[in-house]
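This document opens with one chain alone, in structure tokens, the form predicted alone.
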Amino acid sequence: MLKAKQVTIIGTGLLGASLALAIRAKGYTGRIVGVGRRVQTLDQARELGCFDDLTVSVDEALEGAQAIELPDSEGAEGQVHLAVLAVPLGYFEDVFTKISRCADEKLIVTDVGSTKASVCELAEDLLPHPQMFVGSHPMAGSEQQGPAAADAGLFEGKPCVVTPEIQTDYDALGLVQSLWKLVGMRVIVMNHIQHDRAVALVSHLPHAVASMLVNAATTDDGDALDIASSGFADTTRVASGDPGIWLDIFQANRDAVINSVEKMIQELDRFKKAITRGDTGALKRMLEGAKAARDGWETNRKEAE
């Protein structure tokens, strides 16, 4: 069980609202407070029925948690307070700055950001107790946006990467791991450099390729899109994601994204040369290798779920 007297979720969009729904559905009985930037979003989040309180003030949410006193029978570990940043990466500096004004040693902070090096650096520079920060990245999401799209089962069976630093508090790491395990995720520990390299290949590059594929089809005088069907829809689904969020991600993970694009260019160049030469053997090996690798991954993924 998640041993925290309050979970403050800063950001009540798809991921933040889904997390609130999920931990409540899994039996968390502590206080859940949501912090948002727009009254309209908070009104939509309120309709979910999983938040005990909603506010536009980070200070108000954190100070409210400090005021909660649990019975001694709950134990010291139950007195901690967990804050989860579920806002776009471009807002992290502002949120960390606000947290720094009222954070105490009992506040454990984590996040759902798609990159980790830049986030860990901000936490180190801005938080008064950086050892209580544990970077995390639940590999779950949707091209849909806002609390209206929230889903309590969004995290079930999916991987979540946590990226502790050398100075990370052991109990803080344990609490953050218990959060993601509570909602059904498989927790994987990496350092932030490993994470950013890996996520560039399996998340950031696919979004870029899907977006550029749509652009390529669109510039073909519209004829290509006129005959596009389910295969094109499946391949390009993620291109419908929020462009603002993805702009932040590509900038925050710039070097790793560039490296992944270079790898993709090399693969496409191999493919192009094989077609140009009429080398059906090379083409077959490339296609069969990709099929075998994806089929194996899909089998493992379904078994994990």
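All residue numbers refer to positions in the sequence shown, first residue = 1. Note that the structure is a prediction, hence the values are computed from the model and not measured.
Keep in mind the form predicted together with another copy of the chain is missing from the figure; the text below concerns it.
Note on the interface: of 61 to 69, 257 to 265, 30 to 38, 47 to 55, the segment with non-hydrogen atoms within 4.5 angstroms of another copy of the chain in the predicted bound form is 257 to 265. In the predicted bound form, A25 stays away from another copy of the chain, with no heavy atom inside 4.5 Å.
Although the partner is absent here, D43 lies well away from another copy of the chain in the predicted bound form, with no heavy atom inside 4.5 Å. Taking the partner from elsewhere, R186 is found to have a heavy atom lying within 4.5 Å of another copy of the chain in the predicted bound form. Shown alone here, A224 lies within 4.5 Å of another copy of the chain in the predicted bound form, counting heavy atoms only. Site annotation in the predicted bound form: the residue of K158, H192, H129, K106 reaching within 4.5 Å of another copy of the chain with a heavy atom is K158.
Here the marked residues V95, A117 and G174 all miss another copy of the chain in the predicted bound form; none has a heavy atom within 4.5 angstroms. Residues are counted as partner-facing when one of their heavy atoms sits within 4.5 Å of another copy of the chain in the predicted bound form; in 232 to 248 these are F232, A233, D234, T235, T236, R237, V238, A239, S240, G241, P243, W246, L247, in sequence order.
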